[in-house]
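Shown next as structure tokens: one chain only, the form predicted alone.
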């Protein structure tokens, strides 16, 4: 479909200005192998940062700076020669890491299937010393390793004035205080979640400021929910919705992600669930803001996503499961996604009905009501296994956490029935589990929605709390407490350790604490 220039132009008008803060290193550290530490590495103190100015480094020598917390920004420093006048360039290798493993392991041994160009390293030459250096690329890190790869034996190099110009579009002063009575561990979890969202809030809601550094709709939906109870920046959410709505794929489907540079353009990836989540994201935005201008501009696009989603229903009213589609749900290779997709469609149809009614679109509201009934009836008649008391998915009638979670969120079962379903799951957990904070978010939401708030708080503490105990400054893209080197990409080095979809503990704490305690 052609680009809607009106929407894209409005999205560009809403581009936020970035706020900048100057951050200095806090200390010198070393990455040390430790089989008991997260992913086999920990940092140990190696001196005060102030002592760096009294040291000089020659060929093969290195040091690691600790900036004290996760940073997203632009690094600068000064270098000078000590000894004889430099008669050869200074060759440096810089490595940036969100976690100790990125500093401790050798990037040259990386063997994942995502491009190694996402690994944060830079080789540079300083032809003239002294030099004031500002790196042109934005980096995402807590730790910075500097290695003198080579120099003339006649001189050594001394370094000073390391700084990171940290950038975000988030206004921290807008964040309201936590509800009264929130315990210390959840307050700490909230702080890390807010920091995660802050570092992902750039000129769009990036999914991860290290990787992939672009706007994905699944991440946007959860970031926006967290934003409404923290930074409360409606314009960035509106910008993101207009970018997605203004640049659909040829079928009219909303693409899974968009790029900002060199000009706004949509990626050629369509995910069944992500296209539908455009509807849910618009619903949440309208509910939070009452923005009728955005509703009028985007409702036709949202309705198109529901129509396309419903086209996948077969003659039984069940989402067709064959090789012709891609549905995300979770980074879980064993997961059959038919039942989850059915529930996502129902979930988004129900939110689409609220939008249709707000837009005064009676014809669409009637179609949505009919389709919701069809899909919900099919879920119960075709995907509910009465003998086991669970939803099943695919030709092999797979039982997974994801299927049960999404059917609960879709409201296919009454809250009391959903609560009983989870009791059965706790007693006999499905073999197909969950691997991402994205899926755990929906699990926690389902627990709250079916009245299991005590279990929801306990599971948050067990999952995000365990991340905290493993050293999270910001919450991560992927985390399996039973396999802490888990990566769907073939290497934990390429994982994102500040990731949008993991920021939602702040949403839960600020939305549900006063309701459940």
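Bear in mind the structure is a predicted one, so any value in this text is a computation, not a measurement. Positions refer to the first chain, counted from 1.
If you look for the form predicted in complex with a further copy of the same chain, you will not find it shown, but the lines that follow are about it.
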Segment assignment from 85-93, 375-383, 295-303, 391-399: heavy atom within 4.5 Å of a further copy of the same chain in the model of the complex: 85-93
Contact residue in the model of the complex, from 167, 432, 365, 129 (heavy atom within 4.5 Å of a further copy of the same chain): 129
The unique member of 423, 287, 121, 417 whose heavy atoms fall within 4.5 Å of a further copy of the same chain in the model of the complex: 121
Joint contact, 116, 214 and 267 to a further copy of the same chain in the model of the complex, by non-hydrogen atom at 4.5 Å: yes
Contact test in the model of the complex: residue 259 vs a further copy of the same chain, heavy atoms, 4.5 Å: yes
Interface membership of residue 185, a further copy of the same chain in the model of the complex, 4.5 Å heavy atom rule: no
Residue 152, heavy atom within 4.5 angstroms of a further copy of the same chain in the model of the complex: yes
Partner contacts in the model of the complex for 326-357 (non-hydrogen atom within 4.5 angstroms of a further copy of the same chain): none
Cα distance between residue 304 and residue 325, which in the model of the complex differs by 3 Å or more from this form, closer or farther: farther
Direction of C-alpha distance change in the model of the complex, residue 476 to residue 325 (at least 3 Å): closer
